[in-house]
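In the block that follows, a single chain appears as structure tokens, in the form predicted on its own.
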């Protein structure tokens, strides 16, 4: 067990931004909430799964909502207790800890906010080891566990408990509820105990995420060679450097979808990036060079800031970093669950360095 305090927030937020792969929501509001929660309630106990009762019920926490909505509206201070009460009432037993579902800019930080508010430990585990836009894209789903029940609460006091016979249906029910909840809700999904988290989840997820953020913070902005140490740490490489030539995006079905077109500085190469909230496919001169489930990130050359896809503007000079994701996803089942075809793109997976 270690204590997660205010000094750890920025490293975790930066690491989570990288695992967001261009999406995962704006980290500003969750970072502010986490600082406020830590100031008010003190440090959070960040624990390995082995430190808790393996039969204990966990409270998975994820924020659901359209990226644009999460900039304008966010959680209050009452949702955490309401979500805990709803899950305990459904399961008939108390929760012993909080579980992050994904390592996105919003959803790596909010479980720590909830843990601080409820006085519970937070498991150093997650269910994606990156960010995906759907709750059925987890290692728990790969292991055959159902998403149901999904429990939603919102800042107005509304709540819902959703169950269905299959993961796609309950995920669709979740999206159908969001408009009535102002497009933002705090959710719990999967009925998990600590032992299942230890067996299936990605261990030391928050710790490694914060360590990666710390390494990235140490990189001086500028040429590609400045990123050598970071690339070794994240098992990645810079696949392209150039200027953003065109940005096309729209909001479709609650997802930010679009394409980014880049040109190399000498004008001899071009790169297209397709995204649906997160970056999905990088195609150079018509040939796919990296696809989901691996990570594709853009870094502003001048500032060194990681860029989220909706924030990219024409004329920006960027490096494109592709890095390998957790091995759980490079299996036939992982590719079927979170490869390009899971997003409606008719391509086989192209991993980094293939």
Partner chain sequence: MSPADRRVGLAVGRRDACAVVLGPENEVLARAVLPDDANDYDPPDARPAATVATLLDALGEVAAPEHVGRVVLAAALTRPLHRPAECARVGVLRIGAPATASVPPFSGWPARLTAAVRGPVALVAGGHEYDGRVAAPLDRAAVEAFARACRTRRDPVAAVAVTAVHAQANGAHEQEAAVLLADALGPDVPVVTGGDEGGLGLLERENAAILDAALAPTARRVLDEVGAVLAERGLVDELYLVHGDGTVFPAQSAARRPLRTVGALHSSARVGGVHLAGEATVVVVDDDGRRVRVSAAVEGWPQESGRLVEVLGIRTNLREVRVTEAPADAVGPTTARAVAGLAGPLVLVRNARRLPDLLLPGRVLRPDDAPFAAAIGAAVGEAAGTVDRIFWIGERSRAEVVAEARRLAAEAAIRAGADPRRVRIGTVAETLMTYVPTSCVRIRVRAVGPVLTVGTERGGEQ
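Owing to the predicted nature of the structure, the values given are computational and were not obtained by experimental measurement. Residue numbers count along the first chain shown, from 1.
Not on display, but discussed next: the form predicted together with its partner chain.
Undergrad: Name the residue from 74, 230, 240, 190 that puts a heavy atom within 4.5 Å of its partner chain in the predicted complex.
TA: After the contact test, the surviving option is 74.
Undergrad: Please identify the residue among 182, 195, 146, 94 with any heavy atom within 4.5 Å of its partner chain in the predicted complex.
TA: Checking each option against its partner chain in the predicted complex, the one that comes within 4.5 Å is 182.
Undergrad: Within 4.5 Å of its partner chain in the predicted complex: all of 24, 65 and 277, by heavy atom?
TA: Every residue of the candidate spot has a heavy atom within 4.5 Å of its partner chain in the predicted complex.
Undergrad: Could you tell me which stretch in 128 to 136, 161 to 169, 200 to 208, 83 to 91 has residues with non-hydrogen atoms within 4.5 Å of its partner chain in the predicted complex?
TA: Stretch with heavy atoms near the partner: 128 to 136.
Undergrad: Going by a heavy atom distance of 4.5 Å, is residue 255 a contact of its partner chain in the predicted complex?
TA: Answer yes; at least one heavy atom of residue 255 falls within 4.5 Å of its partner chain in the predicted complex.
Undergrad: Taking the shortest heavy atom distance, is residue 251 within 4.5 Å of its partner chain in the predicted complex?
TA: Yes, contact at 4.5 Å.
Undergrad: Do residue 46 and its partner chain come within 4.5 Å of each other in the predicted complex, heavy atoms counted?
TA: No, residue 46 sits far enough from its partner chain in the predicted complex that none of its heavy atoms falls within 4.5 Å.
Undergrad: Heavy atom to heavy atom, is residue 217 within 4.5 Å of its partner chain in the predicted complex?
TA: Although its partner chain is absent here, residue 217 would stay clear of it in the predicted complex, with no heavy atoms inside 4.5 Å.
Undergrad: Which of the residues spanning 31 to 70 lie within 4.5 Å of its partner chain in the predicted complex, based on heavy atoms?
TA: Heavy-atom contacts to its partner chain in the predicted complex: 32, 33, 36, 40, 65, 66, 67, 68, 69.
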